[in-house]
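First comes one chain, alone, set out as structure tokens in the form predicted on its own.
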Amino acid sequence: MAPPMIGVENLAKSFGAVRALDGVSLSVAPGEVVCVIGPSGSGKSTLLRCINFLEEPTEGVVRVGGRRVGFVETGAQVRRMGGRELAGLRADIGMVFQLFYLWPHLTALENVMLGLTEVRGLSTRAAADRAKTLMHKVGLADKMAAFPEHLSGGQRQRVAIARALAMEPKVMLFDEPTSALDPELVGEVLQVMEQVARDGMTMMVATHEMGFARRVADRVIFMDHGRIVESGPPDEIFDRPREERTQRFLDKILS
């Protein structure tokens, strides 16, 4: 059996007196798609942000591809990663946020190229070639020269996905990527995410899109108050949840 691509052990995160994560442990196999659902404030986003060390865990260990996130282990010695080491690590962990965080002064193509030249060290020509391929993949071949202000929210989010994929990450994390979009734009982003899943990418997706989770996920995790309440295949979680808390959440969100 292949080792997990993502491994989380007893993860906790506190913000002052607020315990956002409370002893979360999970593993994600290579190529597995895991959707994380739960009410606002349940810890979904904090979990994803700890996986790529945008938030430093209060307790616990995270590994991606067998490598500890945020720290370098040498025998019994453990030290915190420096800035350059963290940048290299995050290049292997693609992340797409609720908001798009595109550089407004760069074209869509230049936004996708930037990490390739600055972090991966590709030449401008090689970066442009890869970025163009990804812009085609997300259906934006005709928008390469457009600046973010001239793109719809759905188009901007697709550029953000292309930017993350261009780095050829080991895993992709999606933090409620459709929650800031107008309803009519949600479908175009979910379609691109489904294609990424079909291509075999290891994915964790925090989402309120239950149809997407049922359709695409190999496993669904329900979180509440910083803990995993239950986890299982989509049909089990949506049709036969074991926990009353899961049932109450689904009754409310699906009604």
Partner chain sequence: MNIDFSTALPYIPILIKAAGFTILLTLTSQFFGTVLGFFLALGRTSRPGWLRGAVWFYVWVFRGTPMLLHLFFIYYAAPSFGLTLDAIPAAIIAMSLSSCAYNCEIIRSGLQAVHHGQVEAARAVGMSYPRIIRRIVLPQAVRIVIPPYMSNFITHTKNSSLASVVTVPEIMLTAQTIANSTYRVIEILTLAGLLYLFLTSCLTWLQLWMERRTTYERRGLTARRRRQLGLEAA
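Here the structure is a predicted model, which means the values were calculated and not measured. Positions refer to the first chain, counted from 1.
There is another form of this protein, the form predicted in complex with the partner chain, and it is not shown here; the text below is about that form.
The putative spot formed by Leu54, Ile93 and Met113 is fully lined by the partner chain in the predicted complex; each residue has a non-hydrogen atom within 4.5 angstroms of it. Of the candidates Leu122, Leu109, Met172, Leu185, Leu109 is the one whose heavy atoms come within 4.5 Å of the partner chain in the predicted complex; the others do not. Partner proximity in the predicted complex, defined as non-hydrogen atoms within 4.5 angstroms of the partner chain, places exactly one of 151 to 159, 68 to 76, 177 to 185, 114 to 122 at the interface: 114 to 122. Although the partner is absent here, Val138 sits far enough away that none of its heavy atoms falls within 4.5 Å of the partner chain in the predicted complex. By the criterion of a heavy atom within 4.5 Å, Arg227 is excluded from the residues contacting the partner chain in the predicted complex. Not displayed here, the partner chain is approached by Lys132 to within 4.5 Å at the level of heavy atoms in the predicted complex. In the predicted complex, Arg63 stays away from the partner chain, with no heavy atom inside 4.5 Å. Shown without its partner, the chain has His150, Arg163, Met167 in segment 150 to 179 as residues with a non-hydrogen atom within 4.5 angstroms of the partner chain in the predicted complex.
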